[in-house]
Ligand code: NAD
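Presented below, as structure tokens, is a lone chain in the form predicted on its own.
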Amino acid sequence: MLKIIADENILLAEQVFGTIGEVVLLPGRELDRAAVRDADALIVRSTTRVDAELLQGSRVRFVGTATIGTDHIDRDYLQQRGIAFADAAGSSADAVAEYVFAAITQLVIDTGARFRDLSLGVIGVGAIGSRVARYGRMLGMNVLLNDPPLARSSARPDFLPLDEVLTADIVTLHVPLTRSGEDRTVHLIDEQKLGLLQPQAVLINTSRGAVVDNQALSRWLQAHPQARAVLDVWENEPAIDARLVQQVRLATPHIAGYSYEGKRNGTLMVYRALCREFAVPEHWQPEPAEETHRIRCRGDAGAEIALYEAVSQVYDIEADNERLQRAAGENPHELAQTFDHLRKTYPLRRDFSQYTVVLSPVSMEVATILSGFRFAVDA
């Protein structure tokens, strides 16, 4: 029987991986060489660094990460050792894109702005960024795109230089964390690039914390009181900067992709790869979709109000912000522990696709927008 070591915070890990082997669940930050020595497979999240220091002397033959990002994995080492690897690329793309628009919609309500009067700069146009761009266009926003690797590999004419995209009203980051090469993204947004943002700009980061120089961002926010930032990812997680938490408009503990569907997708993708690698049949299948939940919102107050009413009933981003803000203000010395605790105990959140919106009165324009965000609409 296979022995599988898995991060205890991976959704359904024991239920799913237990169909093909013995599963031992451990905290991701506590996984060490002794814990994995006699494991055949290791299933992690972004909190565990997987490299020679962890795996040397072990019998691990498969490593899976139930996450989109892979910067915590030394893939060169795995390849040298002949250790199979699988990630969950795209698993939580819908959840992250929905998080971004929960934030944008909240900020639009804060200011009384109209979607169609705003420009949206999308940096990184992969699985998440392409969804964000599509949503922005659907709302009438002027969408500016930057993705140098994709621009080089395609003939698309719509990619713009980074400096131009940084002039947008809202700038959102969806790039992997790369530490070398021409597409290096560590501190992609540094002091110089922050200087290109509009004084009242919104900066959103749901990619990796180190893509933005957090110290430079703190100074920039201090100097630009009309600017706002939305951060779900931070440098030095979980020991994040309490001062920066209190400076940003929306602060959350790396949970943008934490919808039930997103986490389940990640588990399922790694499970299927593990079954293929060890040539074992897939015994576990997701349960059939349950009936969607019904919510109500107005159809006669415009796209901004309708989307806010729908989204805030599904995902209360302000509640996530308030929990982290409170921890940073009241117990800054315990913020690292609180950060991990908030992730571990994160409440159930469902994708927009799990809800039916009842519009009253009916507006076909609003119904079309909500449908574009994957809500079912009863109009």
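As the structure is a computational prediction, the values presented were derived from the model and not from experiment. Note that residue numbering follows the sequence shown and begins at 1.
Another form exists, predicted in complex with the named molecule; not displayed. Remarks below refer to it.
J.: Is every one of 225, 247 and 324 in contact with the named molecule in the predicted bound form, taking contact as a heavy atom within 4.5 Å?
T.: Looking in the predicted bound form, the three residues 225, 247 and 324 all stay beyond 4.5 Å of the named molecule (heavy atoms).
J.: Would residue 297 count as touching the named molecule in the predicted bound form under a 4.5 Å heavy atom rule?
T.: No, residue 297 sits far enough from the named molecule in the predicted bound form that none of its heavy atoms falls within 4.5 Å.
J.: Is residue 113 close to the named molecule in the predicted bound form, meaning a heavy atom pair under 4.5 Å apart or at it?
T.: Outside the cut-off, so no.
J.: Closest heavy atom of residue 123 to the named molecule in the predicted bound form, within 4.5 Å or not?
T.: Contact with the named molecule, yes.
J.: In the predicted bound form, is there a heavy atom of the named molecule that lies within 4.5 Å of any heavy atom of residue 68, even though the partner is absent here?
T.: Residue 68: yes, in contact with the named molecule in the predicted bound form.
J.: Name the stretch, out of 144 to 152, 239 to 247, 76 to 84, 273 to 281, where some heavy atom lies within 4.5 Å of the named molecule in the predicted bound form.
T.: Looking at the partner contacts, the answer comes out as 144 to 152.
J.: Heavy atom within 4.5 Å of the named molecule in the predicted bound form: which of 216, 138, 127, 109?
T.: Exactly one residue meets the criterion: 127.
J.: In the predicted bound form, which of the listed residues (268, 165, 96, 303) lies with a heavy atom within 4.5 Å of the named molecule?
T.: The option sitting close enough to the partner is 96.
J.: Can you list, in sequence order, the residues from 153 to 182 that come within 4.5 Å of the named molecule in the predicted bound form, counting heavy atoms only?
T.: In sequence order, 174, 175, 176 come within 4.5 Å of the partner.
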